[in-house]
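Single chain ahead, by itself, as structure tokens, in the form predicted alone.
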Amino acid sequence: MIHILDKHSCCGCEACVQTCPKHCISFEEDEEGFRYPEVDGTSCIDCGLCEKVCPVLHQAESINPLHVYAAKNKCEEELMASSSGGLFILIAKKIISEGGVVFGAKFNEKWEVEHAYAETEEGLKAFMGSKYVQSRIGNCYKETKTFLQSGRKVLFTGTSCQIAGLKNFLGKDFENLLTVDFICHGVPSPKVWRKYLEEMKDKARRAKNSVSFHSILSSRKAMPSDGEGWSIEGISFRDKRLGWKKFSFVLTLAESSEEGKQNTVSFSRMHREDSYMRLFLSDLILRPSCYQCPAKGGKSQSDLTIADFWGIEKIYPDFYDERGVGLLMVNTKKGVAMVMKECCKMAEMTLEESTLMNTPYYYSTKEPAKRPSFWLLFHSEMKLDKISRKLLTSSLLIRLKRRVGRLMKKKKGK
């Protein structure tokens, strides 16, 4: 029987829930918004399967990549719609073209993040782009096994711990399974995400008379609202219109009137100016297990690992692209077969070069000393904007010292 005593020891992959033969494990959300297994002891038969599939209790050996590339999609549209180099969509389209199935993370109708599968190229669009919220796996491991046993090719994408959970759940290697993970520094709380969206809807209501609010004619049907007139129309965590490294968080909300007009308001802010993104990047709202990740350094044994190739401008300046550059680690022979050089501009790198600015490949995020303070303020109903300013704004003296330092560097550069 699985029993969580230390929340650092559960990554939330849900493998235990899906493997239980008596269906006596449920996943319940805690006060931080993260889900953990709860066992109905009256139905449990102590078979031990839930413990057997746990990627924290049973960690695989690390494997080193066979090849490492800097890569970028040759298709301008796909590159701009992707968070980094546009690699996922190329791999996914190939699997679909071969009659396969692709699993990935998407927004549901409530703008929560969940795993699902697609069998068409059109369905792949929902999986594109980063989503900085922990996804719910649901029954995707079971569905993956069903597709594999029927002989269909399956591409499963997810965090390293989700890939490790899938492999433990399956219990053996399937030749028709391709797994892709990404370099992850941690997954933030769905509860904080929900609070953030509510606060942004409130801002939209208050922005109605401001110059940032636009009224446009719409031929579309009125969208379902939250009961107060507003619905979310679109979310982009990694809008690259200002550039790949200067990406913005963009949230678009809409309000339809009885006259057929649709009022829209878009909030677009640089990632380090948005309260949610600041809290995420400061590591304050990550799942406890992310500070002790069980799947770093190739332990997921995924076939491919993708990421942003941070630092490419220093290692290979000629390959840098403001539209994004991806990092592609080819970990297995199955992964080698999926490298599509005809669709990508590619340059082979060393593992050391690729991880110079991607240390989360090897190391877990350090748990911030201010994390308990964040949750105290969060449960006091303080708004996220105020919390981020209170906990993350540097003192005036520190900011002045940094500014003087930058000016001195510029002066020396002249």
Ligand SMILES: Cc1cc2nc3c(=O)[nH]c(=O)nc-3n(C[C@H](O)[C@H](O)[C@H](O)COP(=O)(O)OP(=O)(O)OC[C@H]3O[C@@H](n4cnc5c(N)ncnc54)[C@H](O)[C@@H]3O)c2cc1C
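If you're wondering where the values come from, they're calculated on a predicted model, not measured in any experiment. Counting begins at 1, following the sequence as shown.
Although not depicted, the form predicted in complex with the ligand is the subject of the following passage.
Using a 4.5 Å heavy atom cut-off, indicate which stretch of 110 to 118, 143 to 151, 271 to 279, 193 to 201 touches the ligand in the predicted complex. Contact criterion met by 110 to 118 only.
Just one of Met338, Ile315, Cys184, Ile235 has a heavy atom within 4.5 angstroms of the ligand in the predicted complex, so which one? Exactly one listed residue reaches within 4.5 Å, namely Cys184.
Scan Leu178, Met329, Ala105, Leu253 and let me know which has any heavy atom within 4.5 Å of the ligand in the predicted complex. The residue in contact is Ala105.
Would you please decide whether Ser388 lies within 4.5 angstroms of the ligand in the predicted complex, comparing each non-hydrogen atom pair? Contact with the ligand, no.
Give a yes or no for Phe169: in the predicted complex, does one of its heavy atoms lie within 4.5 Å of a heavy atom belonging to the ligand? Taking the distances in the predicted complex, the answer for Phe169 is no, it never comes within 4.5 Å of the ligand.
Check whether Pro360 has any heavy atom within 4.5 Å of a heavy atom of the ligand in the predicted complex, and answer yes or no. The answer is yes: Pro360 has a heavy atom within 4.5 Å of the ligand.
Ser135 versus the ligand, in the predicted complex: is there a non-hydrogen atom within 4.5 Å? Looking in the predicted complex, residue contacts with the ligand include Ser135, since a heavy atom lies within 4.5 Å.
Just give me the residues of 302 to 321, first to last, that have a heavy atom within 4.5 Å of the ligand in the predicted complex. Those in contact are Ile306, Ala307, Asp308, Trp310.
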